[in-house]
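First comes one chain, alone, set out as C-alpha cells in the form predicted on its own.
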C-alpha cells in the first residue's frame, strides 16, 4: 500500500495531526463537536475526569471519561470549511497508521455528535427547544469536492428541494442522512427534521443589513418545503458537511441543536447560554448510555 506524502498528511514533532494537535492515543471513538472553542470546557466540566487538553488555533480538544464512556469534545469553529479539516483529521487519527503513513486494514467507525445552536424555520419549533437533524442538506459546496452519491430517497428529497426553492443554477445543493444508530436515541424531547447548512450567517441565511439578496424569498421557501413526512426544521452552518463527510468516511454522525432564534416568529432566546447548557446535559446523559 502506498504511503501518504508528508505534504498531504502533516504530522508535527510530537506525532500529532497538524490542525487539531492531537495524537491517535489522545482521541476517543465517541466525539462531540462544538463550534465555539469556549464551549469545550462547558461540555468537559460534566466529565468525571479529563485526561487530555489540547489547543491549536480555534481547535480545542478535551478527552475524558463520563462513567464508563471515554469521550472527546472538539471545537470546530464556524462553517463547512472548518468541518472539512476536523472530519478529515479525526478520521486520519483512527484510520491511518502514522508510523507507516498507510491506511489501516481494519477501519474504525467513530460516533460523532454535534452540540450546536441553530435557527428554527417552523413556527411550532420554538426557541430553547432541541432538534435532531434527520438529514443535512447543504447549500454550501463542500461535498462536491469529493466523489459521492445518494440513495433513492435522498435523490427524491433533493430533486423536490431544488424544484421548490428554485435554487438550481444558483447553488448545487447536496444531502446526507444522519447516522441511524445514533438518531434513534434522540426522539423524546427532540424535534426531528431536515437541517439545512448555509455557507454564511447573513445573506445565505436571508438576513438583510445593507445588502440586497439574490433570493429574497429563501426563508419562506425553506419553511414551506415538505416531502412525504419530511420538512425543514432548522438551519445553521455545519451539519451537512459533518453528515456528508462522515458517511463517506464510514462514521455515524448526528447533529443536535438548541434553537436560539425562530426565523418565522422573529424571536430570539432570552437565555441562549442556558439553552446550550440544557442541551449539553441532556445530550451527555443519552450519549453516556449508548
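Fair warning: this is a prediction, and the values are worked out from it, not measured in the lab. Numbering follows the first chain given and starts at 1.
Below, we refer to the form predicted in complex with a small molecule, which is not included among the displayed structures.
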| query | finding |
| --- | --- |
| Contact test in the predicted bound form: residue 118 vs the small molecule, heavy atoms, 4.5 Å | yes |
| 4.5 Å heavy atom contact, residue 260 to the small molecule in the predicted bound form | yes |
| Contact test in the predicted bound form: residue 235 vs the small molecule, heavy atoms, 4.5 Å | yes |
| The small molecule contact in the predicted bound form: residue 201, any heavy atom under 4.5 Å | yes |
| Proximity to the small molecule in the predicted bound form, single hit among 164, 207, 104, 184 (heavy atom within 4.5 Å) | 207 |
| The small molecule in the predicted bound form: contacting segment from 95-103, 172-180, 118-126, 149-157, heavy atom within 4.5 Å | 118-126 |
